[in-house]
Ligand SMILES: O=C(O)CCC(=O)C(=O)O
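Only one chain is shown below, in structure tokens, and it's the form predicted on its own.
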């Protein structure tokens, strides 16, 4: 039996990690500059629901500026960080993830994103002189990654032969589109280095939105669940972006794409910083399988719902719950 000295960590689930170096070598990689990238994206979304994209045209200096400001924030004294919390749901959070009892070895900043004009939730630390570079770095990053998401969704529409080609893209670029942006920090934990365990950093879940665009520093921890239920570790890559299929895209494709379950394990050896932009439709936007993707005689697997309805249901659930279950026919 292991007795932990820190009561605050006792409630965070422990997970037996995979053997060192056991990375999944079959993560789909799509070069967005190459011909047939549309077809490759569709295949990756069908097979795994998760894809690494390269030649994405997001300047690395834009990424590095925001990462540097993010690291600077999380290195601040705890009392300073907590002036922007507790997250409800936006703001600074520490270990508590959402309102329903989920916990993890993570601290984070969560922003609500308005599509047009692009804006984000304001927080008290942004008014401090020490954060004068954070706002500009964040805005620049959001613009660049939104363009990447738009390009990816247009390519997916092309690969699926959806008309008009901007149908999916329009859901996340509408004036009322409902986005989220999360900055996660998984701190070092020396205690873990002495145990053959990892703490749960962020518990297993699917993303409710259409797609998520994820980027992290060169640190391990991210895992995805394959169709057979096994968990595999994603090799870190600080220069690429990962596209994650969300629940809404699963519904729009009538289950042809699967929203991938994923989680983060905190191994304690090195801190991990990740940036995730979640692209959601307008609150009143109706989500249902697209008729263009339905074969002759194919029935819809899902009831029609609005994003506002689904978001409300997701907010009431635990991370690991099957949120789409109550909307299945």
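What you see is a predicted model, and the numbers here were worked out from it, not measured in a lab. Residue numbers count along the first chain shown, from 1.
The discussion below concerns the form predicted in complex with this ligand, not included here.
Contact with this ligand in the predicted bound form, judged by any heavy atom within 4.5 Å, is made by just one of 264, 42, 58, 48: 264. Only one of 81, 146, 258, 182 lies close to this ligand in the predicted bound form, with a heavy atom inside 4.5 Å, and it is 182. Only one listed stretch (291-299, 270-278, 64-72, 27-35) carries heavy atoms within 4.5 Å of this ligand in the predicted bound form, and that stretch is 270-278.
For residue 214, a non-hydrogen atom is located within 4.5 Å of this ligand in the predicted bound form, even though that partner is not displayed. For residue 142, no non-hydrogen atom is located within 4.5 Å of this ligand in the predicted bound form, even though that partner is not displayed.
Interface membership of residue 222, defined by any non-hydrogen atom within 4.5 Å of this ligand in the predicted bound form, is confirmed. Counting a residue when any of its non-hydrogen atoms is within 4.5 Å of this ligand in the predicted bound form, the hits in 199-222 run 202, 205, 207, 214, 222.
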